[in-house]
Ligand SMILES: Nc1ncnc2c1ncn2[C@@H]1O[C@H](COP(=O)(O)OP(=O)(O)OP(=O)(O)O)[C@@H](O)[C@H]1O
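Given as structure tokens, the chain that follows is alone and in the form predicted alone.
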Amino acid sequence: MGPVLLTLGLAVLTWVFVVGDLVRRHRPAWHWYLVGYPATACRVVFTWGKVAQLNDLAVAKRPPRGLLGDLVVKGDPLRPVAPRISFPRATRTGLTMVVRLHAGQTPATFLKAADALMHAWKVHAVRVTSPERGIVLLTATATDPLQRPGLASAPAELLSALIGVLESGGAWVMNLRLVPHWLIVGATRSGKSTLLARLITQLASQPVALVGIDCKGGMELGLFARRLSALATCRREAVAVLSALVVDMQDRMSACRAAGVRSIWELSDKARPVPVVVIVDEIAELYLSDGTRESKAEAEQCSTLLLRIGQLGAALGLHLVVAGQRVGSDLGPGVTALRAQLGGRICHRVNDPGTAEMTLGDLNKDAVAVAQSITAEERGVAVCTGPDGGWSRARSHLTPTDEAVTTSRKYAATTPELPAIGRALAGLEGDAK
């Protein structure tokens, strides 16, 4: 009987391990709720006091004193007391805890202890936020949700593009109606070009004019030329395109003024001009000059024209998506002024800390540190800002070049015409001849 029970027990144990592994790989959310969450919650509860003490999160409590006649009765010796923490609450990707701060404590000490909490609880990451005064919210992510991101869904809206998935598991959406202008940075092979291809693919089916500026001879954006209303492949052409857009912007202003409205979105469908999305690949090519007078003049023109579109274009249906490998003040003062107009920020892996600081530093210092921790193996991973001013790690969906080109050709017949830009580029060709 004994060997039979032993064999049966081993069989059951083996079955449990096999089923557990299958559930972990194919139903990670089930595995987390059944196995991961209970184990992690126990670690949080049983290690909180010690972790708080070792990382200066505990406050020394003054011992109570009392009088008994002429005698001073002392209480317990001085000892550290950890702030109160709620029982860990499970989420789909991890768990959350609410900490009530002691008097005099600030969230800054918890931010410094985030790595220690991550190691103590054996989770992928711990995010520290303060939703209200006196409260700190600790959000622990069990595993990296961006390793195998699923295809999220989002409602189809004009000027809205489903880019990928957020670290929270939600959809990563670039909505140009909510955030009209964007800055995208990333080193070579970081996923920047893939993101631009995804954006063009998402916007191709919409009644939107896409204008490309690619001063590397059109090597990147030229692949989607059939769906672009215009493509500038050098800085001279970029000046002509941007100048025509500024003139068109003045016409849109006049139309809004005549109708007594403050944006084109208040005009009737028939009177509303087509929205325009200007996609600039490698911003540095527009700002750097070779020292000649003509080159400097073109760089200054590009800087001024982009800034005008950034300042006035949102209400007039003119949107900027500016991308580059690096963005720094050494490109000129115009870059800093333009950055202030680009409310949406996306930072992939970058080659220098200055670019991450330039992209995210004026919004959140923590986001800069997270962006600098992105490795070369995490292609497509980026730190992005949201409409509410917060930030998150995210990963763009991989859109193969062939698929993006096919989509551009599919919707080529719906490409809106921009006569003013066409005349400007034709004038350049005439001058060249």
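Counting begins at 1, following the sequence as shown. Note that the structure is a prediction, hence the values are computed from the model and not measured.
Only in words, not in the display: the form predicted in complex with the named molecule, which the text now covers.
Contact annotation: of the candidates K122, R189, R262, R79, the single residue with a non-hydrogen atom within 4.5 angstroms of the named molecule in the model of the complex is R189.
Only one of the listed residues (E298, E220, E237, D144) places a non-hydrogen atom within 4.5 angstroms of the named molecule in the model of the complex, and that residue is E220. Using a 4.5 Å cutoff between non-hydrogen atoms, T194 counts as a contact of the named molecule in the model of the complex. Using a 4.5 angstroms threshold between heavy atoms, K216 counts as touching the named molecule in the model of the complex.
At the 4.5 Å threshold, heavy atoms of L398 reach the named molecule in the model of the complex. Of the heavy atoms in R43, none are within 4.5 Å of the named molecule in the model of the complex. The partner is not drawn, yet in the model of the complex one stretch among 388 to 396, 49 to 57, 34 to 42, 363 to 371 has residues with heavy atoms inside 4.5 Å of the named molecule: 388 to 396.
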